[in-house]
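The chain below stands alone and is given in structure tokens; this is the form predicted on its own.
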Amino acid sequence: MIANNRLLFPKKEARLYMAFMYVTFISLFVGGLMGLLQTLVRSGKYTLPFNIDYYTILTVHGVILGLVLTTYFIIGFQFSLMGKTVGISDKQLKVAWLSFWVMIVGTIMTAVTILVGEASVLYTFYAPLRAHPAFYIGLALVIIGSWIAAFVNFRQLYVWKKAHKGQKSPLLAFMVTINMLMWFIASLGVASSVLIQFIPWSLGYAETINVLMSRTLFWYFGHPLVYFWLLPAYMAWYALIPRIIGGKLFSDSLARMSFILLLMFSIPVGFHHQLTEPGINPTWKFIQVVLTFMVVIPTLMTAFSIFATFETTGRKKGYTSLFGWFKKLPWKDVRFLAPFIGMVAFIPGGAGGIVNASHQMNALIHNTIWVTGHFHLTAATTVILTFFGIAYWLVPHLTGRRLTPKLNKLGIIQTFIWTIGMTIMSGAMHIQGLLGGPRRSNFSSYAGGEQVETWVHYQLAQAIGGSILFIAILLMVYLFIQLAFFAPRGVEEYPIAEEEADAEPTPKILENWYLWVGITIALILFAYTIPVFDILKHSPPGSAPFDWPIGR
């Protein structure tokens, strides 16, 4: 790698990367507030003021946190990784700014339509619920902006490879390219659905919409979206955390292979979100469930690599007892602690994912709040805590400031508050889901049914957990402001790990892009071509739109 861990970015680069961070943390506050209001309403003890609709705040929460926060953080973080490892030219920088502003325009359009009550369709925007056309146009612009960012990243690596013929690409640049390839291929599904189906339908040019096709195209995108969130966390775990704990990269080859497998097996699996959906042949559902479980392999490879790094580093420091290396990890460094708790949360989160993707067990929890609890373990704990851990060193590195001992201590407090709040809220969601509690629903007593009475305590627990989480959000926003504007001037390290001096050479086949992208496309065509033709051929008549509130 060509990175200089101590060297700050030029100001013109840092401004670009920080622009994405500003949107990220504004989104954290707004989306977190909406989440708090949701849990309070669902407790049955609070009513929204000013006739604000519950489904408006639910849509804001999902779109702002699930789509806006994650996408802006990931693209900004990945731009910084590429800038640090392969560099960025002035021309590339201008195009990167274009990607930011296209995304901003799309985000504003989408946000305004939601806030004025014209797009209470949740972040999945399932048909036949219909939003204002500006909602779909805004989503399309966000996707187009992200594609511009992706092609900037591809160009950055291409230029570097051209100037360094015969050399393997820097690991982090390779990882970014894999993630943006996956994002581009996957988002073709939702982009085609929005452009071909939703926009003409919302404008009144089409009277009906093919509901099954729209959902199939969404979940073709929706599951890889989870890995688009997760892979930047993997980047930190593989190549940044080792530096923070004073170690080295465990295996360059293993890291690359795990990312290749995630590229191949994260896209052709959308049907496991549609196991209860009629109109899809069960054989193809089964095939995509099998492909879903293939993702377990790179996940276990990642777990092995991370803990091997921990133990190897500890042994080199002289800790010889069975778990001495574990005790001596830098638990008082928030840059390590926050991502580590995220790693631990991925264990029950991954187990819940196996439940969701298993046909028989999915029948029990499908469309219950169990799924919401699972989502908050994986995305809102594993991913977000790792993003916070990254922000603690990335923001001061970009602003020329330092993570002081006081701010580090506040970060540790923030991490534990977040963990406690999420444990209470997500745990209550899982249990209520097993008792049949629905998701996506406002508070209701359902006419006093006996089963409903068993949910009430868990909905109160979710409100308690949500309130604790919002305290953690306020503290995180405060820490971001301090690190961006008020912390003492200095140089915070950009912690990219080095390879072992005697590391085995990485096989050249791992950078054969034609091979791995070709296999990925072949798997997608195999998993989707026949089912999509069946859906087009045998779908029932399309649905007329339903506007929210219904019948307005």
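A residue's number is simply how far along the shown sequence it sits, counting from 1. Values in this document were obtained by computation on a predicted structure and should not be read as measured data.
Another form exists, predicted in complex with heme-as; not displayed. Remarks below refer to it.
**Q** Between the options 326, 158, 416, 101, which residue brings a heavy atom to within 4.5 Å of heme-as in the predicted complex?
**A** So the residue touching heme-as in the predicted complex, by this definition, is 326.
**Q** Just to confirm, with a 4.5 Å cut-off on non-hydrogen atoms, which of 72, 198, 174, 340 contacts heme-as in the predicted complex?
**A** Here the answer is residue option 340.
**Q** Spell it out for me: taking heme-as in the predicted complex, does every residue among 12, 147 and 221 have a heavy atom no farther than 4.5 Å from it?
**A** The answer is no: none of the three residues contacts the partner (heavy atom, 4.5 Å cut-off).
**Q** Just to confirm, residue 362 within 4.5 Å of heme-as in the predicted complex by heavy atoms?
**A** Yes.
**Q** Taking heavy atoms only, is residue 260 within 4.5 angstroms of heme-as in the predicted complex?
**A** The answer is no: residue 260 has no heavy atom within 4.5 Å of heme-as.
**Q** Can residue 479 be called a contact residue for heme-as in the predicted complex at 4.5 Å between heavy atoms?
**A** Contact with heme-as, no.
**Q** Could you confirm whether residue 446 comes within 4.5 Å of heme-as in the predicted complex, counting heavy atoms only?
**A** Residue-level check for residue 446: no, no contact with heme-as.
**Q** Where, among 301-309, 405-413, 277-285, 202-210, do residues come within 4.5 Å of heme-as in the predicted complex by heavy atom distance?
**A** Comparing against heme-as in the predicted complex, the contact stretch is 301-309.
**Q** For the stretch 339-362, I need every residue with any heavy atom inside 4.5 Å of heme-as in the predicted complex, listed N to C.
**A** If the 4.5 Å heavy-atom criterion is applied to heme-as in the predicted complex, 339-362 yields 340, 343, 344, 346, 347, 350, 353, 354, 356, 357, 362.
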